[in-house]
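The chain below stands alone and is given as structure tokens, in the form predicted alone.
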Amino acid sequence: MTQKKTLKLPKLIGHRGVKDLCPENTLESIARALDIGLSFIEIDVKISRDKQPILLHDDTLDRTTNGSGLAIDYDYEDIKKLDAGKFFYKKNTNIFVPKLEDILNLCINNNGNLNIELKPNKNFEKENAHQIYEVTKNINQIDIFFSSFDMISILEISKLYPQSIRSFLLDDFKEYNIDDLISISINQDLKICGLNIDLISTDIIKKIKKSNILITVYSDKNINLSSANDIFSIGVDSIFVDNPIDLLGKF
């Protein structure tokens, strides 16, 4: 992505690959998403102690690997030795935590596009954005857009990479309300926003759309066909799906 361009979002974006079908944020999960026909996949990225951008959603390694503690406290060589599939399959696997570079290569070779969510380690938000920028700044074979719930992260990637496509995410309206979201998006030239499914309504979607901002929606559980139809009917552009099997070919 060496120059600014508009982005046509698909209706369906795989969430952490396809997290209900394979262990989230792994090569297996991203490969499965591409294999079943998704063109865009969301992944969560943060850095290890040796500043390698890796895929990990949580603050700690505990839930999705057989390790424990913060990723920032370990070099990638040690993180890669962990089992990143056991939590899903309930048995030992050879599945490992991949680097962002691994996923980029997989997607480039399989025509897959990425939403990279910046999942910073506390006090390393800026360094996280810098390292992700360095790995992605010369990628132009696929479409990439960046997103984050974290204000420091979204401001930093905007400063480093102003020609990129970016999205500010909101899980609730406690710290930022809908007017804040629109103002931040306009001021930072953010083309997309992402909202928890519990926040959306016809009025809110209309208000955002008046500012020409694309809207993605996510949920804590898989969005089924009925809900997807309702969401799209009020003007949402894309939804993040954990298991898209029942939705493929419908939109």
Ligand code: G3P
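The first residue of the sequence shown is number 1, and the count goes up from there. Model, not experiment: these values are computed from the prediction.
The following text describes the form predicted together with the named molecule, which does not appear among the structures shown.
Residue contact check for Asp44: one or more of its heavy atoms lie within 4.5 Å of the named molecule in the model of the complex. Residue contact with the named molecule in the model of the complex: Lys119 places a heavy atom within 4.5 Å of it. Within 4.5 Å of some heavy atom of the named molecule in the model of the complex lies at least one heavy atom of Phe149. The closest non-hydrogen atom of Leu82 lies beyond 4.5 Å of the named molecule in the model of the complex. For the named molecule in the model of the complex, the listed stretch (36-44, 64-72, 201-209, 184-192) containing residues with heavy atoms inside 4.5 Å is 36-44. In summary, among the residues Leu106, Ile178, Ile139, Leu169, the only one with a non-hydrogen atom within 4.5 Å of the named molecule in the model of the complex is Leu169. Scanning 12-28 for heavy atoms within 4.5 Å of the named molecule in the model of the complex gives His15, Arg16 in sequence order.
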